[in-house]
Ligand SMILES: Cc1ncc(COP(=O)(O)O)c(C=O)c1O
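Below sits a lone chain in structure tokens, taken as the form predicted alone.
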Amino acid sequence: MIPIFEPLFEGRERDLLRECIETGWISSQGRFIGEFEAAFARRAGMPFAVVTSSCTTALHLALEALEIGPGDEVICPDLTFIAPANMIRLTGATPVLVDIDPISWGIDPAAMRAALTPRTRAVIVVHAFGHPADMDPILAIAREGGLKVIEDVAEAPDALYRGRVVGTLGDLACYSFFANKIMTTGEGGMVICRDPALDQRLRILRDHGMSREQRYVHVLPGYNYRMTNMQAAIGLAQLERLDSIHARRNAQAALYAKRFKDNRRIAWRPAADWCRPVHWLATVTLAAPEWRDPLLAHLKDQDIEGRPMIFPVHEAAPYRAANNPNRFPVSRSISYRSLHLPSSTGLGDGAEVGRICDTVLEWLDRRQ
């Protein structure tokens, strides 16, 4: 079976992890925590970075640091993994779902503007599947309304929007280091920001609400959202290799894109000319939604793992009643017609990608 995604450890991961075990620094203290934060902040060109246990907890901390709560509304895209909506709800605020742009697959600025109310406090912008959202109009709307902007960069580390690094454009940005992300710590996340007050509040909230000056004195109702030193060690080693990881992944994306070019039955995911996306998952969109599940079943029969596109958030049980599905035509169309193909960084030398593409195209050639 060719898996959908496997992590790749070819650098110092084992050596740094062995140091954690041999020195006993295996929990949420140890030198790699600070080193990983500092190295990540340098790469992003931001002054502050705070490691967390996941991108989901990073999003929750970002919302809490901005004091989002009951009575507030926060805008987020309808086609995203459900975590942003859930974390908005966890604060007591109301997630306001909006449709997506058909090219970037990020928030449609026109839909964002239409969703504003006097209670809107913030927006979570997801840079979906490695492609930046169209940030300039989103930021302009946010400035007009005095809204805070949280960037979800789980799938797009190092992507550029009009020459600027995504994650550095809003008030805070959150990253994922889950096993299937471009770089991984197994589980894990990060929040970056420019504001020293936000940085301090994030650190207090992350560590049980404990004072930074005096241990076991709790100044806020907080959480245990810490990363372990072992995870940070792996993250530091992965970060050292991130340029080479991107290079290998870009080569993979180019192979896929070439094979699916100008095919009326299937399209490689689109990209706007105003950005430099990064390659996360090999995502394709079919001409007909009824083809998706049979194609996935055929791939499985050929020992190739595929995944359907995530479902729109408005279809999830907690959000169904509050959202008219007719408000999300682009989100629904892309969700029902798209799937992901194997995308591991170490995916062969092109022969495996060729086999995957041959399997897909031969099946599609039999469709009328």
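Each residue number is its position in the shown sequence, starting from 1. This structure is a prediction, so every number in the text was calculated from the model and none was measured.
Missing here is the form predicted together with this ligand; even so, the following discussion is about that form.
Taking the partner from elsewhere, every residue among 54, 81 and 154 has a non-hydrogen atom within 4.5 angstroms of this ligand in the model of the complex. In plain terms, the part of the chain that comes close to this ligand in the model of the complex, with a heavy atom within 4.5 Å, is 73 to 81 out of 113 to 121, 271 to 279, 73 to 81, 247 to 255. Proximity of residue 130 to this ligand in the model of the complex falls outside the 4.5 Å heavy atom cutoff. Using a 4.5 angstroms limit between non-hydrogen atoms, residue 235 is distant from this ligand in the model of the complex.
Contact annotation for residue 192: none of its heavy atoms lies within 4.5 Å of this ligand in the model of the complex. Contact between residue 65 and this ligand in the model of the complex is not found at the 4.5 Å heavy atom cutoff. Note on the partner interface in the model of the complex: the residue among 182, 202, 135, 126 having a heavy atom within 4.5 angstroms of this ligand is 126.
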